[in-house]
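First, one chain by itself: the form predicted alone, in structure tokens.
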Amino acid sequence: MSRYEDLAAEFGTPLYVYDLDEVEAARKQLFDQLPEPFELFYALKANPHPDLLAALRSGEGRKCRAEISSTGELANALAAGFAGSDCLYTGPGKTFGELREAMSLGVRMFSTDSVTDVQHVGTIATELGITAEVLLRVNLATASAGSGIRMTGTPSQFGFDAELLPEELPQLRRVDGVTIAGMHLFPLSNTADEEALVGEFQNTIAGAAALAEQLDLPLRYLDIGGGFSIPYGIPGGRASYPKLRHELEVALDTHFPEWRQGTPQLACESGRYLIGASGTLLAGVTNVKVSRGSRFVILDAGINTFGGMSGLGRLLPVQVGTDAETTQTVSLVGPLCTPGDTFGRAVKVPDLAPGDVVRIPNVGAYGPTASLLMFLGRPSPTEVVVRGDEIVSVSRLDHSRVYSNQAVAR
């Protein structure tokens, strides 16, 4: 039996298996593709599992910081050993309650998206008698890349429109409790095209420099975002960017000649690239049926387990990892009582029968916590973390299926 078959036999299916060696290899690969002074934030939305977080912040080599957008993610980061000061808090809808909790737990840097967002940060910082650092997330008016998921140059809830910043900056400078530390730009997500990624970073760096000069706004910190790519739910490896480091150095030498001395401090961020390849989903075949000439393979893992973000239209369909020489084409579906529980309608699989186990690769990112876990009340999948042949942990997210009445004041 293979390692995966052994784990499925021991812990059942559906089962996520995360390999910490793969996490650390991804961290090293991405740092090696960035200039030496760069910091790297891990976006917890990709996967907040504490063991994966701990692997990104410890071990040999350069360490990641944490990019969070909720107090729940902050709790996971702290549980994994990050300090509040290691975290960048993002998101366009921060409430007073979560800002108060975050600052009380040591978070001091916030990415902000509007004048009122900065004012909210300042209100709570003043209340607590501290000074918070804010990065102005900027939505540049122009973009460069033609591939990947576009995150700038269009109307958005994220970021200050660059053309409006000159008239908004006087208000921002009057906000008590904050200091404007720099800018945060995130123009692109998930592009394997190195030329497109480099072009977008070049555009981002030039745009940030021009805006800083126009506004007379010294930048202590500049986060230029991410965009690093890895397949999702299909075989394949992380994208490689062999020219990225040099091209970033050239762009920075042109627009920020003191960057090698730390002015500004530079950062990138990544989610899926750092942990995507670490994860494999093992799903059991519960039934195989033929309907009007079409074959359906029914798994015990559905969109409640994997792919709940498929409504975004960008994550599915999946492919099954197989060493078989012969395959057949099937509809691969889950167990839920809805036709939407479909992984793919033309998926190539080996000859499968009830009791078999299939492997879906590259699912370390956007797995259980990005899925419809509570839909139809099925239990969460088990998650096993391994390092080589060692089992590091076994866990399962717990959610209640019982509703309780609460008194309502009338």
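When you see a residue number, it is the position in the sequence shown, counting from 1. Model, not experiment: these values are computed from the prediction.
FYI, the form predicted in complex with a small molecule isn't displayed, but the following is about it.
- At least one heavy atom of Ala43 is located within 4.5 Å of the small molecule in the predicted complex.
- Mapping the unseen interface onto this chain, Asn190 counts among the residues with a heavy atom inside 4.5 Å of the small molecule in the predicted complex.
- The shortest heavy atom separation between Thr204 and the small molecule in the predicted complex exceeds 4.5 Å.
- By the criterion of a heavy atom within 4.5 Å, Phe160 is excluded from the residues contacting the small molecule in the predicted complex.
- Residue-level contacts in the predicted complex: of Ser270, Thr112, Asn304, Ser278, one residue has a heavy atom within 4.5 Å of the small molecule, and it is Ser270.
- The stretch that touches the small molecule in the predicted complex, counting heavy atoms within 4.5 Å, is 262-270, out of 333-341, 242-250, 123-131, 262-270.
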